[in-house]
Each structure stands twice: as structure tokens, then as C-alpha cells.
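One chain comes next, on its own, written out as C-alpha cells in the form predicted on its own.
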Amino acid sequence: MRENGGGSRDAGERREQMLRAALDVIVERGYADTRIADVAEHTGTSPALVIYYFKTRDQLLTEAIRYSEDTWYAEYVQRIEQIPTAAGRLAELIAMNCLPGTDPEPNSYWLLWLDLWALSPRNAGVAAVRAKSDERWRETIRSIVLSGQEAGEFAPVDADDFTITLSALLDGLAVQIALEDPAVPPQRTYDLAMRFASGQLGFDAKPVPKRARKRGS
């Protein structure tokens, strides 16, 4: 493929189309039952072309996770530019993690993370992607906490301890969201996470932001 010009743009669009198809197929069928042929069928291409771009099924999963995650963070950055307080940014982060968006989503993309977590202990490549993702996630939370402490909004708690605890809480609640546990609906997960965060950091929780989308959706 050419590195510049229309051929490169076409290749990028084709690759993105395959990643979106992979996300849909994995969410619908689960990683274990997803085949390269399924992604090819969804994109109207050949299995050989999918393999050309992604080599293996494991790579397809990890690249789909990265693509979904990058999309989520890009939206997050755009949103927090309009939020002047650290408390507001943290509330937005939690809402995006817990609450469904304004557009209907037939399946929770949290199912992707269940597959990723399940594969990590037995697959070094997948484990590396999971570790990088967790590092990025925790650093995002930590940076909000530190900025809030510097601005005098948050109590002087240990930022690292809080970050690890909140990230673990949100991931645990995400499992319940993915499993559609009727006792733990999305709004309740948001309320519980905000209650913990505001209690630890010493700020008043605000009403839920109007536009919120799950991490990975």
C-alpha cells in the first residue's frame, strides 16, 4: 500500500470498517465464536484481506479494543474542555463509564472487555494490551484528582490509592452492566460511584450529565 495519497486513505477507511465490524461481531457472538470470515462477511470483503490487515484473531480483538478506546477518549477530551471544575470532569468520566448514551445501543460494548480480561491470563499479547489500557484509564482518573487537589476542590487523599480503588469499583460495576443485572442498573452504578468519589474527595455530587456514553461504546 502507498503511504500517501488516495490509496492510503482508502486503506485506512477499509481498516476502520473492519474494526467496526469486528466490534459488532464480537459483541454479538463473543470472541470465542467470532471468526475472521464473520468480519469479512460484515464488511463485504474476503477473509484473506482481513488477515492481511490483522494477521490473527487475537490481533483483531486487541486492535478493536484499541480503536473503541481511542474513540471513547477522544470524545471524553472534547467534553471536558467545556467543564471548568475537576469535580465536573470526574462526574462526566463516571457518567461516560456507567450510563448509556443518547443513541440507542443494541449491545453493551463492555462485553468486549469481558473477553479481553478472560484472555489476558493466557495470552501475553492480550495481557500487554490490557495492561496499557489499565494504565491509561488510571492515569486519566489520577490527573483529575491531582488537578482538583491543586485547585482546592478535593481533599488531600492519596491520589494513587483513590485512583486504584475507583478504577476497580468502576470495572466491577461494568461487569454488572454487561451482564444486565436487574439489581444493578446503570443509573445505580453511577450513583454508587459518585457517592464513593464525593465521599472520599469531599465534594458535592452534581446531577448526572445529560450526554453520557460508556467507555468502549
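One rule holds for the numbers: they count along the sequence shown, beginning at 1. Keep in mind that what you see is a predicted model, and the values were worked out from it rather than measured.
The same protein has a further form, the form predicted in complex with another copy of the chain, not shown here; the description that follows concerns it.
Novice: Quick check on this chain: which one of Ala37, Ala151, Val175, Ala155 has a heavy atom within 4.5 Å of another copy of the chain in the model of the complex?
Specialist: Here the answer is residue option Val175.
Novice: Could you check which residue among Ser147, Thr140, Ser120, Thr71 gets a heavy atom within 4.5 Å of another copy of the chain in the model of the complex?
Specialist: Residue within 4.5 Å of the partner: Ser120.
Novice: For the spot marked by Arg130, Asp134 and Ala168, is every residue within 4.5 Å of another copy of the chain in the model of the complex through some heavy atom?
Specialist: Yes.
Novice: State yes or no: in the model of the complex, is some non-hydrogen atom of Ile83 no more than 4.5 angstroms from a non-hydrogen atom of another copy of the chain?
Specialist: Flag for Ile83 set to no.
Novice: Is Lys55 a contact residue for another copy of the chain in the model of the complex, using a 4.5 Å heavy atom cut-off?
Specialist: No, Lys55 sits far enough from another copy of the chain in the model of the complex that none of its heavy atoms falls within 4.5 Å.
Novice: Quick one: does Phe196 come within 4.5 Å of another copy of the chain in the model of the complex, counting heavy atoms only?
Specialist: Yes, Phe196 is a contact residue.
Novice: Please check if Asp115 has a heavy atom lying within 4.5 Å of any heavy atom of another copy of the chain in the model of the complex.
Specialist: Asp115: yes, in contact with another copy of the chain in the model of the complex.
Novice: Pick out the residues of 17-39 whose heavy atoms come within 4.5 Å of another copy of the chain in the model of the complex.
Specialist: Residues within 4.5 Å: Ile26, Val27, Glu28, Arg29, Gly30, Ala32.
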